[in-house]
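Before any questions on binding or motion, here is one chain by itself as structure tokens, the form predicted on its own.
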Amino acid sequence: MATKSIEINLPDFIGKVFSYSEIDSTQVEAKRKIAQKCPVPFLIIAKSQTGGLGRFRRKWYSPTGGIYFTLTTKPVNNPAISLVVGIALVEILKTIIPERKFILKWPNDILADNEKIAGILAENFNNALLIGIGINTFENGKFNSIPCDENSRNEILLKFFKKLDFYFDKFDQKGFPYFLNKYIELTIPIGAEIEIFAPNEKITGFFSGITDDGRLILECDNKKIKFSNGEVSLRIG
């Protein structure tokens, strides 16, 4: 659908804003813009998506009322940048909805009261970094969500981008070690039993921390294994 202007004043570091009432995917549209030589940085934001994407090309349910956007900026070679984005988002959500218990689940899921409520998809594409985010802020009885009106959604966006602007500068200056303790405070407890679904394998062990470059450390059979990608499943019961 036709592009519409966004009605809040976002920080300058995000560049030009392309706002849609409906789109197939903000991540896909960002790639189209890059292919069309649109200069970075820029932001793609939509009120709904017909083909929203998560990790591993999974469909992200994206009805009207949610928050869906892709920030496109300069490339970052350190994959821990996605963990920093997660910290910023959780910190903002905690201040706006303090009654919910938020947890960062490595590498890029955000849980509220132990159910997924937001996701981050960070990928490098054609010399640019794409940070796609979907947050369930719609009225829906089937999916875990934080029902918000438009003013509340705009508040989340504005506070998040202000926080991210500050954190990007810190990340450039000091790298992920500056954020490591923050991440540990917001993620699952050290020693929790988890399963890691990595390419072609599933390993059960105990969460032992995060490395300075954002890898997950799993303790298994008295050995510590480091994972740069995969999917975590908590062992409950």
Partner chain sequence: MNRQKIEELIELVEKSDIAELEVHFFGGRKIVIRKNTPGGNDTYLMNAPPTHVQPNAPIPQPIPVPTHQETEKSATSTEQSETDNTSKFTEIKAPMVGTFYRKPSPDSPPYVNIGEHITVGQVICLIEAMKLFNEVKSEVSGTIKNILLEDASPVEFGQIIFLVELD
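Residue numbers count along the first chain shown, from 1. This is a predicted model, so every value here is computed, not measured.
What follows is about the form predicted in complex with its partner chain, which we do not show.
In the predicted complex, none of the heavy atoms of G15 sits within 4.5 Å of a heavy atom of its partner chain. Its partner chain is not drawn, but in the predicted complex it has a heavy atom within 4.5 Å of D213. Shown alone here, A122 lies within 4.5 Å of its partner chain in the predicted complex, counting heavy atoms only. Within 4.5 Å of some heavy atom of its partner chain in the predicted complex lies at least one heavy atom of W106. Residue in contact with its partner chain in the predicted complex (any heavy atom within 4.5 Å), chosen from I92, L129, L157, I117: L129. Checking 41-49, 185-193, 201-209, 62-70 against its partner chain in the predicted complex, the stretch whose residues place heavy atoms within 4.5 Å of it is 201-209. Judged against its partner chain in the predicted complex with a 4.5 angstroms heavy atom cut-off, the residues L10, S21 and R153 are out of contact without exception.
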